[in-house]
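We begin with a single chain expressed as structure tokens, specifically the form predicted on its own.
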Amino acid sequence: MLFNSPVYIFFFLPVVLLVYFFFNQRHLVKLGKYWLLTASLFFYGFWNPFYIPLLAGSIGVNFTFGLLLGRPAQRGRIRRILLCVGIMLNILLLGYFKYADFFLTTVTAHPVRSYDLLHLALPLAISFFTLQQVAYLVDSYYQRTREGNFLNYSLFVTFFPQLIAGPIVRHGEMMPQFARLRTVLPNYRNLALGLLIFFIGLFKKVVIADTFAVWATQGFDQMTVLNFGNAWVTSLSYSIQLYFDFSGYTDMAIGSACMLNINLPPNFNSPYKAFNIQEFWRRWHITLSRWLYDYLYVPLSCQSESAKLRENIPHHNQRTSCRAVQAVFIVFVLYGVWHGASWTFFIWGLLHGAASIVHRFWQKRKTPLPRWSAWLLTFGFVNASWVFFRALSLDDALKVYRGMIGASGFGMPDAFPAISLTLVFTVLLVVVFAPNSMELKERFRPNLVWTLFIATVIAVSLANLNRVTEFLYLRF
């Protein structure tokens, strides 16, 4: 079941809301939680019910380890062993399903040995619920959170708005919300606000992302040679598609949760407005950047405990030590392969790691670039690096790069509609200068103007709901 499918919009979400608030208004709050858990498992199993036991087993194992780690009387050495074992079990589960075939493919390329591939289907959302539960184990080890209720923990992991592709949430920021009286009872302002954010996300997906997806697919997957104009329309179309596809998904997740009076953390803050690569990563996929900073960069770079309170990828005022530089490099390489078992993702991570390191050393020079050139350099690099992120093979990526530098001939984008170039630049102007959905959320007021705006967004979105396409981040 997809957020942009009629069954979710017209059946699943309304039924979940009605039954949840029906129980809560009759002081059956625990039954309301069971209902949300059941609905979330149904939502997850709608794709493939055979992976529900995998998710349930992961929840059970991590809950048990969390209980053991949460005992302050437990000896330190035993707790460290428990933490390491718990993390390793999560990593092995993720690695088996996501990277086993990639490893076997690499080994099979050796002239002496060859192995049959396992052809494993990637369980939906395994990358996201694995990171979420690893964070829970670490927080339990440091006594930052404690959960003794299996129902609460199961709901924390499976809560359907964030289960499939984030935002990646933490136990301490989620579960207290379910205990508040204002959460369990209907809030009509939150319903209206949730509808606004949800349908803005749907508009991003079905009107913008799916339009540019056609051109990106045509250039990357169908054309064998790209001239200069075709290559740039192809690369920019994918940059726009990915931005509106993932930010649209996040808006729909945040909007769905808001209708249930739950605030999910923001995941996007206009990343294409960034003036350097460090700022870009503070704006793009914020909750994943936060996870990588707190649970990977900080331990690798041996930063102080107070640094753990900061979020996202390292800030410019931290020391550019050899160890910190190595940590940045490792984080981005893992960032790349987390998205997929492919050399293209590995190279994409290498590029961003190298760019982040160069930026750190450039900042030490204290000679900032003019803002227009800083933005152009940042967006140009991000757009170029997305080619590796999108390409199915290294040859596909090189095909696009050859076109972008004119090695396959100069010319206008003759393979695309005449309006394509105009639409690309128009949408980029909107991305750079228009307020984002989170800013609109802050400006929301329940009045006639906003009612008309919501009605217009809903009408246009539903009018374009003629086909259901998968969100890009469901593949990761």
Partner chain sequence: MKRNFTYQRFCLITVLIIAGVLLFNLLAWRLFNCQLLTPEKGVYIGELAQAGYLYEHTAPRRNTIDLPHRHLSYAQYTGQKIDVLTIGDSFSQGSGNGPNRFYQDYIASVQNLTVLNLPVKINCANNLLESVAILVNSGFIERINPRFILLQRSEKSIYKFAETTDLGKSLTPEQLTNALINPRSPLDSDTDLGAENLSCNRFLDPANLKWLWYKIGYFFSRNAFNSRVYREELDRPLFSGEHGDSLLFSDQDLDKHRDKQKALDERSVRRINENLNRLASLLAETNIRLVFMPVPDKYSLYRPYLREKNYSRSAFFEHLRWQPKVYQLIDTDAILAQELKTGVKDLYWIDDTHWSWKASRAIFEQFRFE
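On a predicted model such as this, the values are computed, not experimentally measured, just so you know. Numbering follows the first chain given and starts at 1.
The protein also exists as the form predicted in complex with its partner chain; that form is not presented, and the subsequent description refers to it.
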query: Interface membership of F346, its partner chain in the predicted complex, 4.5 Å heavy atom rule; finding: no
query: is_contact(L124, its partner chain) in the predicted complex, heavy atom dist at most 4.5 Å; finding: no
query: P53: touches its partner chain in the predicted complex, heavy atom cutoff 4.5 angstroms; finding: no
query: is_contact(R189, its partner chain) in the predicted complex, heavy atom dist at most 4.5 Å; finding: yes
query: Segment that reaches its partner chain in the predicted complex - one of 42-50, 403-411, 445-453, 22-30, heavy atoms within 4.5 Å; finding: 445-453
query: In the predicted complex, the residue from L288, A216, A397, L195 that sits within 4.5 Å of its partner chain by heavy atoms; finding: L195
query: Residue (of F379, F128, F268, F199) lying close to its partner chain in the predicted complex, criterion heavy atoms within 4.5 Å; finding: F199
query: Its partner chain in the predicted complex - contacting residues of 440-466, heavy atom within 4.5 Å; finding: F444, P446, W450, T451, I454, A455, I458, A459, V460, L462, A463, N464, L465, N466
